[in-house]
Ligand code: LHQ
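Just one chain follows, in the form predicted alone, and it is written as structure tokens.
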């Protein structure tokens, strides 16, 4: 429990828990670099089908631990390029689904991290705040790219300009999260959701992520071409054959450990 990052595995789900609860999981270099490495490790581990990122205690992540960078002879640009930017690029580039389970306050770069999941699950007491303008900085760690795509330019600017606090119900209405779970059962509900996702066809979801990420920055014509290419890859995979067989046999498809059942 002395580690700044806790790692646990259960039924194909790897949970990464930021573990600085006394500081609401405010990020220092050790946590940021460790989290990037842990995500890379999860990507290459065949037993991991879904990744959950959450926080210990009352906070998800309160952003940068300012005490950790006080007095350093380093620029903002250097710090971002060494810590946050590799983390966000790694998280968004994973082939496996990532759930950000926002259990409490997500502020500053922690708010950026909360947005970066493929699916965002919030506890009823979770809060989101783009707090950067309170100390006369701009939103970073991907917020200027992600937030306008979720809520539109104008609402994103307002949230950033006024450092407006958003609660869970507002977040759901704005599209900042997909589901809200009660505080008392949050971890169990997140685990159950993640395990359900882990039963889905992993290869097809990898291709789905690839298509969705590409579609954010390309034309409809390019997306149609990519869909056709990726659909062929999906159709050639054993998952597809299992899905079709299950449909014909009127049973639930079993996409887990499929390679061990091939003759």
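Numbering follows the first chain given and starts at 1. If you're wondering where the values come from, they're calculated on a predicted model, not measured in any experiment.
Absent from the display: the form predicted together with the ligand. The rest refers to it.
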Problem - 4.5 Å heavy atom contact, residue 54 and the ligand in the predicted complex - result: no
Practice task
Flag residue 128 as yes or no: does it have a non-hydrogen atom within 4.5 angstroms of any non-hydrogen atom of the ligand in the predicted complex?
Solution key: no
Exercise for the section: Answer for residue 108 alone: is it within 4.5 Å of the ligand in the predicted complex, judged on heavy atom distances? Expected result: yes
Practice task
State yes or no: in the predicted complex, is some non-hydrogen atom of residue 157 no more than 4.5 angstroms from a non-hydrogen atom of the ligand?
Solution key: no
Exercise for the section: Could you work out which of 165, 92, 149, 179 is the residue within 4.5 angstroms of the ligand in the predicted complex, going by heavy atoms? Expected result: 165
Exercise for the section: Give a yes or no on whether each residue among 195, 246 and 256 has a heavy atom within 4.5 Å of the ligand in the predicted complex. Expected result: no
Exercise for the section: Mind telling me which stretch in 74-82, 169-177, 183-191, 114-122 gets its heavy atoms within 4.5 Å of the ligand in the predicted complex? Expected result: 74-82
Exercise for the section: Counting only non-hydrogen atoms and a 4.5 Å cut-off, give the residues of 61-84 close to the ligand in the predicted complex. Expected result: 62, 63, 64, 65, 66, 67, 69, 76, 79, 80, 84
